[in-house]
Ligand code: HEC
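Have a look below at one chain only, the form predicted alone, in structure tokens format.
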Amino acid sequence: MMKLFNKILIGVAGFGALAGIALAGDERVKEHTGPSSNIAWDVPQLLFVLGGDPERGKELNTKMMCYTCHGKEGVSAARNWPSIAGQKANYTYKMLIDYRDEKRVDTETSSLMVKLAKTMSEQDMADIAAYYASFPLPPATRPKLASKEAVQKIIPLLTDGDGKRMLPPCFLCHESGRSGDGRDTPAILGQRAEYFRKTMQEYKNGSRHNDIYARMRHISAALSNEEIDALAQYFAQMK
């Protein structure tokens, strides 16, 4: 119980401090005006996403050719495209809204998603999010981004965080990687290691900026490239 309490304290302190840093004048944050996302997770919004139709989402996956990048059942065959099988519907829905609203225009692949999302209704988004959420998480893979020693070394970051760097435990929000919190923190277990690394590097350099309160931007900036590689490998290979 005490260990859990300490985790929560680290998480609250870390997020509070990170938000304070952003307000104090992080140049990357200043470059992007307006909120990181236009999503407001009130009860009607949560119920709307919860009511998504996975059968219609399956049809959309084929009709809109989502499967060409993300797979017929949400497991991507490409290293730099995310697997979204088993992903929380809220998170997938939020990403589509962010693409539509051009909160994610950081890379060439993002620009493709922006164009696609602008053709979708919010019902389409909820339905396809429900479809991908209906599957189990992707199977484990064996990437070669980090040594076994490096992976073991980052375990304390997952469970305890790092108070000196104001880093909350990864598991505080991502819950062992199998799910996220009740709203829009993603599941990351089984995620493509190369995509995980790419995402963290985009947060680290500020090119991706749709994270609420700039949390992931500041967390990734505090991590070394070696730690990011080790985290990517850990989550990709865990079952």
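So that there is no doubt, residue numbering starts at 1 and follows the sequence shown. The structure displayed is predicted, hence computed values, not measured ones.
This protein has a second form, the form predicted together with this ligand, left out of what is shown; the following refers to that one.
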Handout entry: this ligand contact at residue 190 in the model of the complex, heavy atom, 4.5 Å
Key = no
Problem - Residue contact check: residue 150 to this ligand in the model of the complex, 4.5 Å heavy atom - result: no
Handout entry: residue 186 within 4.5 Å of this ligand in the model of the complex, heavy atoms
Key = yes
Handout entry: residue 223 within 4.5 Å of this ligand in the model of the complex, heavy atoms
Key = yes
Completion exercise
Checked 95, 130, 146, 137 for heavy atoms within 4.5 Å of this ligand in the model of the complex; positive is 95
Practice task
Can you tell me which bits of 93-126 touch this ligand in the model of the complex, meaning any heavy atom within 4.5 Å?
Solution key: 94, 95, 96, 99, 104, 107, 109, 110, 112, 113, 116, 120
